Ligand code: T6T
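Take a look at this one chain, the form predicted alone, written out in structure tokens.
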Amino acid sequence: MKRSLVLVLAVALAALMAMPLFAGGSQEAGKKSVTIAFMPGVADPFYYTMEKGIRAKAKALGVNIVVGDYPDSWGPEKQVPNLQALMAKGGIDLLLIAPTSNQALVAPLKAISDKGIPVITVDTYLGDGDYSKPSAYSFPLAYIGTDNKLGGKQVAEHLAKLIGEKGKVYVVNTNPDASSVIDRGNGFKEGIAEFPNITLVGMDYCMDNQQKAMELTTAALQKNPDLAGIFGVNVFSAQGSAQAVKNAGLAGAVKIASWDATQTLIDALKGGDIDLVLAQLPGQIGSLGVDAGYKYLTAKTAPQKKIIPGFQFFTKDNVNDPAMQQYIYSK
């Protein structure tokens, strides 16, 4: 009888000792996985490359990723409906988004944040991008993207050298309410102002339309037949301006600085139709976004309000360098 009692007690004790381990294992097995959503700005190689960086980091961390439909053109009128459809899927723990307007996206994103879904803006930002001070747009956890103003300033410096630090230059910008291109244009103005023998003859907006960029550049060339250089602030403006210069028979004579290392622009650089390409690091931006979001969700570690990766310049001298090929965007 005693022996039976001892055996029963031993079994019961073993079961009690096993319970905490079993319970902990069950909680771990039942732990809710992290789901991060990505809402791109437009269907172009920059955001496709960013998505690749997002997915690679998510795979390494065991994070689920859902991606909204890529808008076929830039602007809140296309992005907001796609964003609403994405969020309607539910089960999203954090949103990475490239706002297509620094003002028009404030209200839609604030509504998402107010529902308890943290927001990180990538590539573009809300307001003036300073989320550290109290304001109507300071609710995002962070902005992760290129220092576009610095990039624009350095493009101006490179273009100035290409044209011998004298002559007329022209800028084909895209949208007057998108933070990234606003900063690129302002940075270029500051940079070119440091060269007293260079005149900025104008800055026009093509609204992310390559055909419009070509038409604007054609008009600028007709007005300024001695134009020496052009800055296309993104892939569409650069491609449109390059086509206009080529159509005018001025390829190589009018120097063109462009932004975004798409394969098309890299090929144009190799072919002599473009003279400079600034490459952002979209894959790294996406990876940093997932990493920051994951740490916030799992460890409540708040990211820095601004996380700024660098950029690279492609020139005719380094475009074939094997070490530079990693910076070309890809789908």
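The first residue of the sequence shown is number 1, and the count goes up from there. Values in this document were obtained by computation on a predicted structure and should not be read as measured data.
Omitted from view is the form predicted in complex with ligand T6T, to which the following refers.
Novice: Could you tell me which stretch in 296 to 304, 41 to 49, 268 to 276, 55 to 63 has residues with non-hydrogen atoms within 4.5 Å of ligand T6T in the model of the complex?
Specialist: Partner-contacting stretch among the options: 41 to 49.
Novice: Please check if I97 has a heavy atom lying within 4.5 Å of any heavy atom of ligand T6T in the model of the complex.
Specialist: So I97 does not count as contacting ligand T6T.
Novice: Might D183 be said to contact ligand T6T in the model of the complex, defining contact as any heavy atom within 4.5 Å?
Specialist: No.
Novice: Does Y131 reach ligand T6T in the model of the complex if we count a contact as any heavy atom within 4.5 Å?
Specialist: So Y131 does not count as contacting ligand T6T.
Novice: Going by a heavy atom distance of 4.5 Å, is V235 a contact of ligand T6T in the model of the complex?
Specialist: Because a heavy atom of V235 falls inside 4.5 Å of ligand T6T in the model of the complex, the answer is yes.
Novice: Which residues within 264 to 288 place at least one heavy atom within 4.5 Å of ligand T6T in the model of the complex?
Specialist: Going through 264 to 288 in order - heavy atoms within 4.5 Å of ligand T6T in the model of the complex - there is one hit, Q280.
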